[in-house]
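We begin with a single chain expressed as structure tokens, specifically the form predicted on its own.
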Amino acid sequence: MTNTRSPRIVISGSGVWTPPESITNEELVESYNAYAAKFNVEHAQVIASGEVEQMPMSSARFIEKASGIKSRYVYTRNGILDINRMRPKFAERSENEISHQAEIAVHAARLAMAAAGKTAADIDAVIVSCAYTQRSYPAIAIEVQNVLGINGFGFDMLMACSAATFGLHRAYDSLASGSAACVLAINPELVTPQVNYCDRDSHFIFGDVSAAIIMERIETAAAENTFEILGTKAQTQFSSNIRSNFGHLSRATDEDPYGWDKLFHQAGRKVFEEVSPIAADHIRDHLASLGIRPEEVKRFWLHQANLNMNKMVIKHLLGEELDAERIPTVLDTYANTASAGSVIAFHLCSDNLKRGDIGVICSFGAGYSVGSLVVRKG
């Protein structure tokens, strides 16, 4: 379903909080290879008998070639590179302290609010939309709302790597219906706790970050830099090729609640082959519904999961190779930040567009899900 242009709604501010710590491919590979070598020695007998597979070695070159990723920001390095732990170590916080996820959400929110020239009194809705929330309830969004002193309402929503665009879709709908006058949409992506650092094919994929956007009706926007929403579009098609099975039922099944299937895992080749054309067709159809040809789009802010996938999407869409300025890439330093990637690309690579230039914010991922916003520089 595509929304019309009345009332006129704009993105008036964005913000990105980047963690102060990062891990390079080389550091990650050194740790993984040490773990794999230790595993192979300790399980040499069952590996020789064929009961257990030998763990393969990795390399920084393999990671960059497979994904385009060179490094990633992380909430904490503590524990990730420890071959006797292989997962981040977060300090437990009491129920009277701000949660880790709300804290990074607030950081990004304040940056977006400053960019839009908004105070808490101007905002009446908070949407926290991401791949994972730290807890089921109370909602992280309501915690953020409380910390910032915002009246109105807040809610969480989960939509894996399409959470940002689906959250912005909900923000647009709230503004169009009149249920909100100014919406703060945040993507606080704490993904590293769900990474299987013992798996060669996925241990390098994700990083942590927090991104936020302010959306409001054009009459109330005072920011110098605004982007009018020309249309929103969402699409889903069920697939199990990207999954994370951890949930409240894990306690009741008597299986390992932290087993490999409870962490992020995917059939990478199938995802690459199936999602790329779906995303390209989605963008083409969305633009066509607005009377816009793909060639007229000045900037594509695509989901930042895999450089080769983005190249394939653009090849399907435009029949040409990826242009670094027209289709900016941030995953080389941020890695896959789940839903936040396209918002990071928008935030970092939108200032140089001219008034009237058209852009597309698009995400795609588990579900399968694809979400897009077509915007025009104001």
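Numbering starts at 1 and runs along the sequence shown. It should be emphasised that the depicted structure is a prediction, and the values quoted were computed from it without experimental measurement.
Omitted here: the form predicted together with a small molecule. The next part is about that form.
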Exercise for the section: Name the stretch, out of 259-267, 112-120, 283-291, 134-142, where some heavy atom lies within 4.5 Å of the small molecule in the model of the complex. Expected result: 259-267
Exercise for the section: State yes only if every one of 57, 62 and 305 has a non-hydrogen atom within 4.5 Å of the small molecule in the model of the complex; otherwise state no. Expected result: yes
Problem - the small molecule contact at residue 201 in the model of the complex, heavy atom, 4.5 Å - result: yes
Exercise for the section: Answer for residue 338 alone: is it within 4.5 Å of the small molecule in the model of the complex, judged on heavy atom distances? Expected result: yes
Handout entry: residue 360, heavy atom within 4.5 angstroms of the small molecule in the model of the complex
Key = no
Practice task
Verify the contact flag for residue 365: yes if a non-hydrogen atom of it lies within 4.5 Å of a non-hydrogen atom of the small molecule in the model of the complex, no if not.
Solution key: yes
Handout entry: Listed residue (73, 246, 272, 153) with a non-hydrogen atom within 4.5 angstroms of the small molecule in the model of the complex
Key = 272
Exercise for the section: Find the only residue in 105, 126, 161, 215 having a heavy atom within 4.5 Å of the small molecule in the model of the complex. Expected result: 161
